[in-house]
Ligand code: AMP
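Heads up, the chain below is alone and in the form predicted on its own; it's given as structure tokens.
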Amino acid sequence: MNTSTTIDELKSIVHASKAKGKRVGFVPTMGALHPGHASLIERAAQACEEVVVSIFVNPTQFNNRKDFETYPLMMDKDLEVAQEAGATVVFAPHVDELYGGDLAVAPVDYGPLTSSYEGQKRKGHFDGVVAVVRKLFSAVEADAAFFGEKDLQQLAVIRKLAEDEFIGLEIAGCPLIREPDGLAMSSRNVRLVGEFRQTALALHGWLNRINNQACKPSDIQTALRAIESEAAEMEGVELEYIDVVNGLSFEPLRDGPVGPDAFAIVAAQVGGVRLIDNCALACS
């Protein structure tokens, strides 16, 4: 497995691979790799001969400085996980390599995609996401990029970015991976301590309750209000949002039967740790 810290080094590797007719896949990460990340790398390895994994904690997408400062760093382990999952190149640039010493990023307006839910709760978050992914896409020049559906709104934003600026780049959404008890895998899960690890399972439970009402839109709204009331009584839990949306546009779904792109989404602080989760809704 090759490792690179500069764009020039990376491009040299990628261009050599493309000259040999190899398909290049890309998996961007912020490190602290877990089985969810490994599943993305494995998917990329199944579809591509060259698999680039970036490990870069992007400072411009954290609206909470403390969240950035406490983000787990474990490069040695990350390199091991990446290689075992099928990565052939790891790109681990320094901040200045991507930003050139200027961390100012342009605001992004993709309508509800960037202004609602995560965009509303984390002001400037998607500005930073789009800025760094644009830089990474330009550096890697991949044929396909693989993203987890756990960050569903981010995936929709990146699809829009690729559609507008990177014609021909395939964006592959990959299934959300869960812990055995149902908790969505996240690098932040290690920060859940004591009883809050169990409390966090409520998010998955709420999504299942909504999915059970998927054929009855009026019952979905009743379930949403009941969950909001329930969360308000839970110690150490701050529910930020729970709703049903179109997973491509992120417009809320209020009336009529759910369609094939309907998702229940949730975000909450549990014991001071911010968690997100979602599930596709199926009416059968």
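Quick note: we count residues from 1 along the sequence shown, nothing fancier. Just so you know, these numbers come straight off a predicted model, no measurement behind them.
One more form of this protein exists, namely the form predicted together with the named molecule; it is left out here, but the text below deals with it.
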Select from the listed residues His204, Lys150, Lys135, Arg122 the one whose heavy atoms reach within 4.5 Å of the named molecule in the predicted bound form.
Lys150
Could you check which residue among Met74, Ile171, Ile177, Ala92 gets a heavy atom within 4.5 Å of the named molecule in the predicted bound form?
Ile177
Stretch from 23-31, 214-222, 43-51, 237-245 whose residues place a heavy atom within 4.5 Å of the named molecule in the predicted bound form:
23-31
Spell out, yes or no, whether the shortest heavy atom distance between Thr88 and the named molecule in the predicted bound form is within 4.5 Å.
no
Using the partner position in the predicted bound form, report whether Leu103 sits within 4.5 Å of the named molecule, counting heavy atoms only.
no
Is Gln154 one of the residues lying within 4.5 Å of the named molecule in the predicted bound form, judged by heavy atom distances?
yes
4.5 Å heavy atom contact, Ala162 to the named molecule in the predicted bound form
no
Within 188-208, which residues have a heavy atom closer than or equal to 4.5 Å from the named molecule in the predicted bound form?
none
